[in-house]
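So this first bit is one chain, no partners, the form predicted on its own, shown in structure tokens.
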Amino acid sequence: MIIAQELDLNWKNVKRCIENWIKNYFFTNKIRKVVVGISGGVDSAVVASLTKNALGRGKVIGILLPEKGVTPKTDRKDMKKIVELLRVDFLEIEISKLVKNFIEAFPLVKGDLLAYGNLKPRIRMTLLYAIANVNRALVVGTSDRSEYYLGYFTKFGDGAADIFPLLGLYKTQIKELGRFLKLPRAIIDKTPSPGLWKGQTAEKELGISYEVADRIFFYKKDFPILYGKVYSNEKIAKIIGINKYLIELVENRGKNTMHKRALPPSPPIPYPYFTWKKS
């Protein structure tokens, strides 16, 4: 896959920018270590690589959290490949027993695919934070800008972390950064999947490829800021060479998942209108 021209960046500068940011945040906040969940996919591989480069391998702990019978063998191999390549400390915990315990406590979860799927990233998040607490570390998130805008993450699951180094880059850009970092090609070109159930793939579930979604986001969000122009959906569809329906699909996903990108709401308290009584 060749990255779209409008999404191509100076990857040397991108690498330097993110690594410097991680390093500055680390030292400013006097952090001892960080933990990174390693899934075997490109996002976590790039995050782990950048974090190791910024802080040194002794400050990074890779956490492998596969699920028996669900996590593909290739993903398990790639998890190990990443930590071996980066030479960072790692801890592997198989989560199927924990998933089973939750289902035994509340069996109805098993009958709801969405609830059943979301249970797993929330279990992983709990483990990541427990490990981080023990090591006086921070949790480094692996979500990217495409997933963020599409709302394709689990609230308080993989959407929970202390820092998100890749939230400024789209999925296709992260793949290109992975090539610049010389990460294994099999990991970079792997079909994206949250891995919550067998056969799940991100693009099939979303109904759109990341290559198309990322270009839509560029013209909807970045282009007006960079060039001071706002294009209609019809014009964007013509530039990219797609049906306008795909732009509407992306916009609708964004609107329907706004709650994932906002703090939980609470009602305002009109203090001036209260009459306080002395006890």
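Predicted model only: the values in this text are computed from it and were never measured. Don't overthink the numbering: it's just position in the shown sequence, from 1.
One more form of this protein, predicted together with a further copy of the same chain, exists but is not displayed; see below.
Using a 4.5 angstroms heavy atom cutoff to a further copy of the same chain in the model of the complex, none of Leu85, Leu196 and Gly241 count as contacting.
Under a 4.5 angstroms non-hydrogen atom cutoff, a further copy of the same chain in the model of the complex has Phe218 among its neighbouring residues. In the model of the complex, a further copy of the same chain lies farther than 4.5 Å from every heavy atom of Asn24. Among heavy atoms of Gln173, some come within 4.5 Å of a further copy of the same chain in the model of the complex. Although the partner is absent here, Thr191 sits far enough away that none of its heavy atoms falls within 4.5 Å of a further copy of the same chain in the model of the complex. With the partner omitted from this view, the residue of Ser96, Thr201, Thr74, Thr126 that lies near a further copy of the same chain in the model of the complex is Thr126 [heavy atom within 4.5 Å].
When you look in the model of the complex, the only residue of Ile208, Val109, Leu183, Leu177 with a non-hydrogen atom within 4.5 Å of a further copy of the same chain is Val109. Residues Leu9, Asn10, Trp11, Asn13, Val14, Cys17, Ile18, Trp21, Tyr25 are the members of 9-28 with a non-hydrogen atom no more than 4.5 angstroms from a further copy of the same chain in the model of the complex.
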